[in-house]
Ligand code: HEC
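Below you'll find only one chain, the form predicted alone, shown as structure tokens.
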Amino acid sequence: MLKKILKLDEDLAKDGPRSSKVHSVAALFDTPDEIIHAAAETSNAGYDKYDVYTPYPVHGMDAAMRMKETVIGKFAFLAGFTGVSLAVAMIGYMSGFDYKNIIGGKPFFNLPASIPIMFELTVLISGLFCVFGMLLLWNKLPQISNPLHDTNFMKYTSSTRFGVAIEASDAQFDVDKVKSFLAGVGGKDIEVVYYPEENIVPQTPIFNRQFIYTLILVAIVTALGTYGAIGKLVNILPFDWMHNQFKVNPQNTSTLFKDGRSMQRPVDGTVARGYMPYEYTGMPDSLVKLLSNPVPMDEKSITRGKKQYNTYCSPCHGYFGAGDSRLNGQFPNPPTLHSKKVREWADGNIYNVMTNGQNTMPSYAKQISRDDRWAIVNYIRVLQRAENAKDTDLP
């Protein structure tokens, strides 16, 4: 068996037969200074279909070769711009035309909430385009071989020496002239590189029958392995702790309680820690007599109340409390907050309406915290004072 493996390695290491078609003329150099000089002279001579091969990066090579700025950056920018444009178009269509949904008075196209999606799609599209662009456009895949492979030139330039190879596709290429030129700039071990016979008739490895069969086999083995690991192995002790937990799920039955329910109501009369129950729950505002506003009327509370009011109240009551709903008739317009009745209400009456709800207005006790509801009351007082100002309010 070992002899067969060694023989296989020897067969793979052998260079295949070469054709009579010239690929390039290559020359070796001994020092970085020599390869820098050779690259500069090659550029000055007008050759543009050539490349330099070094075992490690050589500083100043880009300038010597007069390399142009790569287009990969521009390609990535266009791909990223395409990604962000697709994200804006997708979000704009979905939220602005296809499925309009008012959330807390925010606009249909909410830019801050859309930024993460726009960023992710920008990165995704630019990454995919750059990867496939590099593979297909610049690296010329599925071409996986180069005539320089398996040559003495490549063996040395990948280890200890430096080299220049001028390709036959160059407009000025002439074998004798190129050999003379490379010798004149200090080139050594100059050789003519020919195409392998297998490269004369292009072959696409990805359409090879053995490759396709191998790919199918790998896919089947991967699918079966994944199914066995995820579907079976995780359910075997001791790997099933995430599935069999000592807990009850919502809406499921339970054998622990007599009523068979997993979700139990709090014990009557108990109060959660840090929570003060509202004593006027379910009562009309006319019964609220001894409820005072604990939040002081200052700039901080008014600013906070304005933010909460614009988010939760303005879709129906309007930004200034005039009852001019922003819902464009999609919901019954509420009465104005500047009526004599509401202006003469105590703060507790307004707070009670927000907490219990009234008529078609639902309770906002779960959406808005206790202090924020009192801050909204303060802001409503500011709107009422501004709308119903008196002459005595002027300085």
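All residue numbers are counted from 1 along the displayed sequence. Owing to the predicted nature of the structure, the values given are computational and were not obtained by experimental measurement.
Unshown form predicted together with heme C (HEC); subsequent notes refer to it.
Visitor: So, in the predicted bound form, is Met361 in contact with heme C (HEC) at a 4.5 angstroms heavy atom limit?
Guide: Close contact exists here: in the predicted bound form, Met361 approaches heme C (HEC) to within 4.5 Å, heavy atoms only.
Visitor: Within 4.5 Å, heavy atoms only: does Ile380 come near heme C (HEC) in the predicted bound form?
Guide: Taking the distances in the predicted bound form, the answer for Ile380 is yes, it comes within 4.5 Å of heme C (HEC).
Visitor: Should Phe75 be counted as a contact of heme C (HEC) in the predicted bound form, where contact means heavy atoms within 4.5 Å?
Guide: Output for Phe75 is no: heavy atoms all beyond 4.5 Å of heme C (HEC).
Visitor: Can you work out whether Gly46 and heme C (HEC) are in contact in the predicted bound form, taking contact to mean some heavy atom pair no more than 4.5 Å apart?
Guide: Residue-level check for Gly46: no, no contact with heme C (HEC).
Visitor: All three of Phe331, Pro334 and Val342 touching heme C (HEC) in the predicted bound form at 4.5 Å, heavy atom to heavy atom?
Guide: Yes, because Phe331, Pro334 and Val342 each have a heavy atom that approaches heme C (HEC) to within 4.5 Å in the predicted bound form.
Visitor: Which pick from Phe129, Tyr312, Phe109, Tyr278 sits with a heavy atom within 4.5 Å of heme C (HEC) in the predicted bound form?
Guide: Exactly one residue meets the criterion: Tyr312.
Visitor: Based on heavy atom distances of at most 4.5 Å to heme C (HEC) in the predicted bound form, which listed stretch, 25-33, 349-357, 38-46, 53-61, is the contact stretch?
Guide: Within 4.5 Å of the partner lies stretch 349-357.
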